[in-house]
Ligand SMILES: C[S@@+](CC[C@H](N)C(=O)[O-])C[C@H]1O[C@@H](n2cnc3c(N)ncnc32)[C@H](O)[C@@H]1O
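Before any questions on binding or motion, here is one chain by itself as structure tokens, the form predicted on its own.
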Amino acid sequence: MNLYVHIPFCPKICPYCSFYKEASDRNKTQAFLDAVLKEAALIPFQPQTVFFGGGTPTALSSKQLEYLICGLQARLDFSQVREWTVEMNPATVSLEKARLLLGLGVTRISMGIQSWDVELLQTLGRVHTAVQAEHSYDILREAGFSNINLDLMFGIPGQTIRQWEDSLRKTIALHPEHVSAYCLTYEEDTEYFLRLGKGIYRQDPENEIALFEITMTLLEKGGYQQYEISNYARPGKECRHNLAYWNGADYIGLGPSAFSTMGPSRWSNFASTSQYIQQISEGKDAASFREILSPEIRQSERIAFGLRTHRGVPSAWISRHQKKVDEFLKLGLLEMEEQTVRLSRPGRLLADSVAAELL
């Protein structure tokens, strides 16, 4: 079992972000923390991984983080936790906060850099500077963290190949244990999606492919293994929490908009902090919807996620599409080894299209 806690507060709303979030609100924060702790007490379980995401979890003060973490530890058995990740924005890092998190049991930090280029950070609407991001990384090391992920983004409007190469090289030079490199997607309900619709921004698939190829090449040369389409790690530093998702493990999500899956049951909480707080405080169900997943849907998800990882999937799982499998093997988009099928390097460039044909 795995635990995800969604903390929706952000110091600033980025125009490209589609996750549920809202501007930090001191008048709402304590009620939110109490609601999360009350929800946690309703589903007693023993997590093996913990992930605080958002939003920006470290938009919370040190006292608020301590209140939340100690409250969760009092309600759930954390004795078997093997990895505990907290997402951080470089603008919210302090030595006090970092030491507090490490002392309370957090083992891994995921920091959203996105780019080391000043102009691109402004394009993305980030509140941090490149200088501040590097200083925050140094603070995390000084505090004692030995497992750090840095998030990067390519396909940013106006981004050049040179800018992306520079960001990758800068990141590699810092020697983080893990790098997540995502292609920008234009999601509905974001300012970027509106700009795309108005023609202010344009997508360039060929450029995105070129940037993705550069990502794989430079990070591999830097000593990182691409263990999932967008994730690269030093040996043994793969994110256990995300691997649990991709392997189809059960997980519980606490907080507004958080998803949970237990066996065939899946549910999602209200994507509204105010409504979430109200539901919990009144002793009502915080879930906005629930569904029962058929074995076929669960298996399709395992295939889709499994193909995105370097381990691939058992060939028996996709044997009913053998003609397509054979075709992709001949095209060099798939590889087979000991009855396991996985995407080849060229296949990773077309991961979604290949997976769609095999579901």
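Keep in mind the model is a prediction, meaning the values are calculated, not measured. Numbers for residues come from their place in the sequence shown, where the first is 1.
The same protein also exists as the form predicted together with this ligand; that form is not shown, yet it is the one meant from here on.
- Contact annotation: this ligand lies within 4.5 Å of heavy atoms from the stretch 179 to 187 in the model of the complex, the single such stretch among 132 to 140, 263 to 271, 219 to 227, 179 to 187.
- Taking Glu87, Glu83, Glu238, Asp117 one by one, only a single residue has any non-hydrogen atom within 4.5 Å of this ligand in the model of the complex, and it is Glu87.
- If you check this ligand in the model of the complex, you find no heavy atom from any of Trp246, Gly312 and Asp352 within 4.5 Å.
- Under a 4.5 angstroms non-hydrogen atom cutoff, this ligand in the model of the complex lacks Met336 among its neighbouring residues.
- Among heavy atoms of Asp151, some come within 4.5 Å of this ligand in the model of the complex.
- Residue contact check for Gly54: one or more of its heavy atoms lie within 4.5 Å of this ligand in the model of the complex.
- Using a 4.5 angstroms limit between non-hydrogen atoms, Gly253 is distant from this ligand in the model of the complex.
- Taking this ligand as it sits in the model of the complex, the stretch 9 to 31 comes within 4.5 angstroms of it through a non-hydrogen atom at Tyr16, Cys17, Phe19.
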